[in-house]
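Given next, in structure tokens, is a single chain: the form predicted alone.
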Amino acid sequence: MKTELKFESLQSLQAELLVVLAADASTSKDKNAAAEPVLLTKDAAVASADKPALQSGEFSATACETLLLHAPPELKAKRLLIVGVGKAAKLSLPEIRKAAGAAVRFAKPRKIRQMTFVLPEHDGLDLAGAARAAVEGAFVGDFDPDTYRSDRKDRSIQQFTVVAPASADKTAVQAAFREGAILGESQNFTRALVNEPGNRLTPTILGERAAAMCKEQGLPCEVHSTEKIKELKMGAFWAVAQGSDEPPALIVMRYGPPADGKAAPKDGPVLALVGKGITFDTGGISIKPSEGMEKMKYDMAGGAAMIGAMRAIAQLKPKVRVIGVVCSAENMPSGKAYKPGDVAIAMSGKAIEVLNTDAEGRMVLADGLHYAQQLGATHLIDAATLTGACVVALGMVNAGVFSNDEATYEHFQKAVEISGERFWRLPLEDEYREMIVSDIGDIKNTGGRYGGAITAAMFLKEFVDETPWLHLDIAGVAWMEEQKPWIAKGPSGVAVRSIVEWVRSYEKE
């Protein structure tokens, strides 16, 4: 999808589809009170064209509600689409992001390939932030998962144009618009990886895809396999990988600021992005129920998020050093597979008692987190579709976030305010560690039924020592179980935007 930013009047603008946002200006708390839809633009020609429709009572401006007008008077646009964003008093950038996605998804099945999105004008609204949110939302809305349908028709939007008011700060809006395009494309890059079936995205192929991306973006990349994993004594990672005929992949990506005289200081932070890359998870010997197992191709969503984040970082060029580490394997049952009761010796030297082979994500991350520190990381963030317990706790609305360091978590909070993604912090109190103490080794790889997301995080905490660290459990939100007006059913690409903003937050340190 090509994107373009313009600063001009809407009256003379030619467009296949002109998209304008509307909000409900009513302040009554009575749910039965009539809505008062108002356009979020000061353009007189658009206001004149929309006035009859808004006064008809047919449109309430609820979030992602749409109203299409053909051949609107006083405009050169062929069609005018009004998209609701809910209450005017609660207008936010996430609602603008969703509205842009909803507009794109409205246009796609109607064979509209070019559309123009009008940035909303509202008191206190950051126009630059709105430009970024709009283009991010457009990319998210344009993705569909039907890659392998033999009758697939390309309905993608070919041209998405954003129009900003002439009075806007052009430099700020242009910069934000560019960032939004980079992040939207990188989120969709991640979604495309997660969408691939396990037979078409093995660990080896994931490594090849990561290496190709790095080559395209000018990033150094190394992809190792069995020999290197054994050489590094990654016993936890290898325990999971050994059950499959498909060899594992240890993917290492590196980013250093360009040598422009403003590069990050040599003694500055080195941020490591560590991802779980289980390209298919059967559960191993502790095999999963067959119902729904096909979705376990998504168990590499954390690793894919890190690859997508590195893609965006390469283009945004923050003044901070970054390392990406993805531990990729299949978790399969076989005569070679690790078993309940086994003891694996992690790269750090800790002895892990295996109680459940389906708790494999924390095994590969244990070695990935330790290895990232060996590579020089001073701060760590990991992402993984780690536990069903997190889904039980938070549903499919928020992802879980854990941290051992308040300053690091504050950086992440600020990142989420920009990204618009939803995370909820869960505790990491010392009492939970007692639940993973092993009788035969140092720790066991599951703490039982209760507090499963927390005990999984406590397990990972064993491998970060005192290094500032964040753990993102994205199991409930990495896959959309149903289609929404702004996003297709399937992979969401969650965490890419938040991880990138977290990295960028360290530029001044």
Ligand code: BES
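From 1 onward, residues are counted along the sequence shown. Because the structure is a prediction, the values reported are computed rather than measured.
One more form of this protein should be noted, the form predicted in complex with this ligand, which is absent from this view; the next part is about it.
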- Can you pick the stretch from 205-213, 71-79, 295-303, 128-136 whose heavy atoms fall within 4.5 Å of this ligand in the predicted bound form? 295-303
- in the predicted bound form, residue 389 touching this ligand (heavy atom, 4.5 Å): yes
- Query: Does at least one non-hydrogen atom of residue 358 fall within 4.5 angstroms of this ligand in the predicted bound form?
  - Reply: yes
- Query: Heavy atoms within 4.5 Å of this ligand in the predicted bound form: does residue 288 have any?
  - Reply: yes
- Message: Would you classify residue 446 as touching this ligand in the predicted bound form, given a 4.5 Å non-hydrogen atom cut-off?
- Response: yes
- Query: Does this ligand come within 4.5 Å of a heavy atom in each of 185, 314 and 497 in the predicted bound form?
  - Reply: no
- Tell me, which of 370, 276, 191, 98 has a heavy atom within 4.5 angstroms of this ligand in the predicted bound form? 276
- Quick one: of 457, 470, 61, 475, which gets a non-hydrogen atom within 4.5 angstroms of this ligand in the predicted bound form? 475
- Let me know which residues along 300-320 have a heavy atom within 4.5 Å of this ligand in the predicted bound form, or say none if there are none. none
